[in-house]
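Starting off, we have a lone chain in the form predicted on its own, written out as structure tokens.
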């Protein structure tokens, strides 16, 4: 690159910086029309922004996101099963290698934590981990929906809605309960029910972790001085980290508790009376 080109590049860069700084002082903050408390409350409860569900009822945008993510995963799984898996080779290609590694990771997770009953567990933790990961990064694409009041609403991550997180927590708890029943019958039910607070803790841990990223991003967007470039970095990093961490945490906890309740009960040793 010649000196002239370098000078032009520096000038363009300096002009862009000046434009951004000028925008900070001229453009009014979007937070002036809504307090930060109202913004945070709406992100948690979704009271003001509702989306019509096929004209039947107004629902939280998170439910629409859940339907979209479920549809995307289902269609992708059908395409892979029908057109890709029959063409798998002994020497795997890149896509086959990625798919086999993903399935193998969750399968090893199930086997290491539940050596007795792990076939169904491996399928569930793979499905749950995939749903959490794809559902979390879904909000990065910024898909829009028309709210019931006619405004545009960005579809959030499905599990950033407390209802979605509770459903995932209780579903995982039901899988754990099924493992206890399959191995130990009624005793397995007792083993599982002693951890009655588990679905609540799993739900709120998942909900709180995913919601924190959305709140931090909203907080950065709220102040105009921070709303250039920084929200993109913060949003992407928080979303990717939460997608990976929460998919691992929930599947690990599910596999761990499933392995505990599905472990066969040890037979009690009878005391033998010795003859005098």
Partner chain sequence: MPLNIDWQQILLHLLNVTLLFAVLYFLLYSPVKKFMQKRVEYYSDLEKQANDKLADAEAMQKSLQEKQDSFDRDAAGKRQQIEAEAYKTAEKTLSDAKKEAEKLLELTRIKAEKEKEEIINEASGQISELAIEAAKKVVMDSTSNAYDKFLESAEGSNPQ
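Positions refer to the first chain, counted from 1. None of these values were measured; they are calculated from a predicted model.
Although not depicted, the form predicted in complex with its partner chain is the subject of the following passage.
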{"property": "Sole residue of 137, 181, 198, 99 within 4.5 Å of its partner chain in the predicted bound form, by heavy atom", "result": "99"}
{"property": "The single option of 142, 92, 185, 115 touching its partner chain in the predicted bound form, heavy atom within 4.5 Å", "result": "92"}
{"property": "Contact at 103, 130 and 171 by its partner chain in the predicted bound form, all three, heavy atom at most 4.5 Å", "result": "yes"}
{"property": "Proximity of residue 245 to its partner chain in the predicted bound form, heavy atoms at 4.5 Å", "result": "no"}
{"property": "Contact of residue 250 with its partner chain in the predicted bound form (heavy atom, 4.5 Å)", "result": "no"}
{"property": "Its partner chain contact at residue 123 in the predicted bound form, heavy atom, 4.5 Å", "result": "yes"}
{"property": "Non-hydrogen atom contact residue 85 with its partner chain in the predicted bound form at 4.5 angstroms", "result": "yes"}
{"property": "Contact set, 139 to 169 vs its partner chain in the predicted bound form - heavy atom within 4.5 angstroms", "result": "158, 161, 162, 163, 164, 166, 167, 168"}
